[in-house]
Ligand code: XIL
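Shown next as structure tokens: one chain only, the form predicted alone.
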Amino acid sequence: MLTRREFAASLLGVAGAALLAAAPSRADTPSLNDLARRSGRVFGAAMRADQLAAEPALRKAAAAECGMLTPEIHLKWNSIENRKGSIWYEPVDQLVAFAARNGQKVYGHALLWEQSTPDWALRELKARRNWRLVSDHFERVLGRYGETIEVWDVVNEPIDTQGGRQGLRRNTFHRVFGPGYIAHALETARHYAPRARLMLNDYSFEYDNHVEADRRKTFLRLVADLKGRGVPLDGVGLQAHLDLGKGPLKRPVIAPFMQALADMGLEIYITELDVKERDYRATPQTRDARVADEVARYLDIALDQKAVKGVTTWGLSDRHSWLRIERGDRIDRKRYGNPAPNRGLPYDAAMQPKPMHQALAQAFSGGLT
């Protein structure tokens, strides 16, 4: 049986493959979203309205390539209400307007996440132990955007199999309300956005090691429990922050996990795709090839699962990547110079498409029927 990449190559031929490798500069060149849409999916990227406004090349690429935009930071609680009672919607409104002008959808990220909860709210939650703080936040945000944004990460990163309790992260919400906070959040979101698709979003499910194996088992157990109790859960976000230091991606690891989610009737979105390099001792061309191969290997598996409805990269350009050179990464400044930035996104820092762009295009094309 042909793999997705082999099928794409046979379908496109030499000329088609060359077209996908080239910079998307002509109007008749299919965008990544054009290719994704042909297999019933959507391609998107995390974006910030201020960066779109300041950078014409980024703005052009985002408009051309994406069918969905995820607000990278400005839809989170500590951006909307960093000071109690001081509400700031402007950058989200700008991104929503940009998406509307370009026929794009917006992905709602994220309603509840410890790391993006303002300090004043965390203090009040601990002192008052009153769910009304969360409910009021949901009512404000979903009341404003619930009819515009169809898909929401309701709870972000609830899993922690190393330092958590029974596999759940011991965040403030867990400490104050117990493990039932996840179901309560989903039910609250359903109340204020009855037609939205509600998601849990989490990371580190891709590799064959004991930590991620535990995370996969715990996540499946959590969603099975929620579905079994009739809690409103429509899908899951798999962040897919790939990592070149974690060993090979394996179909027997990833495919059964995704199938188990699909068997529960859940939609799957790849929500934060990028690639962390670990060995920077090579030319940019070699590094880009490694990144593209990792993305191709992952999507070769993931896009065989029909429940996968979309793929979003966490940014378009390396210029804006959250990934940094870390202690323990292998570098050789004398031979190769400054290794920054990490080269794990479809466009380089100069907004030129890289082999990862081609890998995405070929992966989506492999799903054509």
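For every residue, the number given is its place in the sequence shown, counted from 1. Note that the structure is a prediction, hence the values are computed from the model and not measured.
Not pictured, yet referred to below: the form predicted together with the ligand.
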*Touches the ligand in the predicted bound form: Trp131 (any heavy atom, 4.5 Å)*: no
*Classify Ile87 as contacting or not contacting the ligand in the predicted bound form by the rule of any non-hydrogen atom within 4.5 angstroms, answering yes or no.*
no
*Does the ligand get within 4.5 angstroms of any non-hydrogen atom of His241 in the predicted bound form?*
yes
_4.5 angstroms heavy atom contact with the ligand in the predicted bound form for Ile73_ = yes
*Counting non-hydrogen atoms within 4.5 angstroms of the ligand in the predicted bound form, say which of Arg215, Arg297, His109, Arg287 makes the cut.*
His109
*Could you tell me which one of Ser204, Thr188, Asn156, Thr117 places a heavy atom within 4.5 Å of the ligand in the predicted bound form?*
Asn156
*Candidate spot Glu81, Tyr145 and Tyr192, all three touching the ligand in the predicted bound form (heavy atom, 4.5 Å)*: no
*With the ligand left out here, work out from 233-241, 173-181, 137-145, 99-107 which stretch has heavy atoms within 4.5 Å of it in the predicted bound form.*
233-241
*Looking at the ligand in the predicted bound form, which residues in 258-295 have at least one heavy atom within 4.5 Å of it?*
Glu272
